[in-house]
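Below: one protein chain in two forms, given as structure tokens, structure 1 then structure 2.
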Structure 1
Amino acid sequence: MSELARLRTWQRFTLAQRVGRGLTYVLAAVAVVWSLRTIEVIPEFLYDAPEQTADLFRRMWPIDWSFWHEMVAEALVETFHTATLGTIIALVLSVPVALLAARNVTPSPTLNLVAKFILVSSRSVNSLIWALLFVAVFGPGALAGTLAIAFRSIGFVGKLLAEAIEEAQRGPLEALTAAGAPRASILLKGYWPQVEPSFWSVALFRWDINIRESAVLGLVGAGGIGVALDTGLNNLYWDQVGLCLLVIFLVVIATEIATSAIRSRII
């Protein structure tokens, strides 16, 4: 009877699984403690952080609305231009890379690796780092910001587009191939109708992200509203900083609503 009861005892995890989960929790706790000691958190700074934050927001009010005409309006338009043009350049450049990365379109392992290396290299470098590199080459301005947005976006768009191409159904492709259609027709008539919704969805999503990223590229001299924000920070004009932050916040919300509405119509 005791043996039967033992066999009927249900346990969610085996002994090995329980030991593994316990070790995972211990290692996570050790990592957190080690990280806190490494970054050298100063308790005294944490104690008055709420007071300092409240004081900072008090300095931002009332907002200096005159700064809108002086700098923010023009910088905001430049931000939109930077994000939009950078996204368009990224879409144009990411399509051939995605075709090379898709194994069902390009069966060469060497070309696949080269394309994936380009995609990984683009994603692994932050947009601010790209901006610093292009500012050093082309000087400060919107050109550096546009190229930073473009090169950062290639990896994101190219990876998702390559995955969408690889998931294309084989039926229409085999029918076009059997009919003797050239390769260009197979791409345009076989692959494109299947990946078009994903392509435009990714494009809108990346444009939304690029609006947010281009808003801070001006902190490193790459143009946009970040330049106005950096000017206010350097001069300690917190009422101007408050205006810049408010504008960025409203723009992000507006672009999120707009892209969501457009995507719902496309998909």
Structure 2
Amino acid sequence: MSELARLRTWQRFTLAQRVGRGLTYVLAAVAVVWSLRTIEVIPEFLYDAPEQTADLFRRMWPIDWSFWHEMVAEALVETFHTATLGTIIALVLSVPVALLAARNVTPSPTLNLVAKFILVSSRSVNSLIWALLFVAVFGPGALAGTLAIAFRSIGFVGKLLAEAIEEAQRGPLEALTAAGAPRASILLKGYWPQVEPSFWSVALFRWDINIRESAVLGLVGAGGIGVALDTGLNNLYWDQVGLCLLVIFLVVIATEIATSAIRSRII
């Protein structure tokens, strides 16, 4: 064995990659240190934090069950419908945007970019902030909540849908084009059967998320169980808040079980 070969060391990454990684770690460390040193924390609030926490739980127990009939039951139904209807509207609205964003359906880079911008804007504004805007437009109530859920979901559903469309195989599409099929038929008989499984799995996934999100929209007046929660919080009736939290917890667990059951059965 030559001297050179013996001395050669093997390295997994190139120099540029190693420098890049090192820089990222350093930057991350700098960011953390900077945040720690500059973030504003009011120390006076911290002295009684353990007492406040204990007080919080003491006042939550026993849970005020009478609040269930008073408000929570009805609000819960509203939350369910807000999430479901919002998801359905989002699915309907995201299809055209996804088609515009998919490069194989829409060969125009300008239109792709416009669609991408719509998707990113929808995703970057939180559902709670969407709800604020819609409450200002439509007034408090479930209509604002439904639209907030729908507009927040367009970005999520549209992005995943566009990716699924771009992954569609060329074969069936070329066959349909060769047979002289009009554009609508190509979409319906060429793309749709290929995209359908991921469409339903994205829909189910988003519905699960939307149930969680619609549970808090009421905090800004957009209907659902959040309104009950907000009422309890504003009146400092922590026993009512406790009931709301318990109900939200159970609903979230139930939807998670339901969606995973549906997913394993169908998709």
Partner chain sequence: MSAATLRTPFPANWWARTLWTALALYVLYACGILDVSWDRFVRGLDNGAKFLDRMFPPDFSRQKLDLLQVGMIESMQIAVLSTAAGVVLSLPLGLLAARNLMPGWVSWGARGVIALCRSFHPVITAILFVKAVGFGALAGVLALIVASMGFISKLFAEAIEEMNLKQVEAVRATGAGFFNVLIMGVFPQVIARFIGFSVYQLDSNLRNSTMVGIVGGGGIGATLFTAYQRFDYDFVLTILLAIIAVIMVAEIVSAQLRKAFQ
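All values derive from a computational prediction rather than experimental measurement. Just so we're on the same page, residue numbers count up from 1 along structure 1's sequence. Definition used throughout: the rigid core is the maximal C-alpha set that superposes within 1.5 Å between two forms.
- Looking at both structures, it is structure 2 that matches the form predicted in complex with its partner chain.
- Core-superposed comparison between structure 1 and structure 2: the Cα of residue 249 travels less than 2 Å.
- Put the two forms on the same core and the Cα of residue 70 is off by less than 2 Å between structure 1 and structure 2.
- Superposition on the rigid core between structure 1 and structure 2 places the CA atom of residue 258 less than 2 Å from its counterpart.
- Superposing the two forms on their core, we find that the Cα atom of residue 30 is displaced by 2.5 Å between structure 1 and structure 2.
- Summarising the core-aligned comparison between structure 1 and structure 2, the C-alpha atom of residue 19 is found to shift 5.9 Å.
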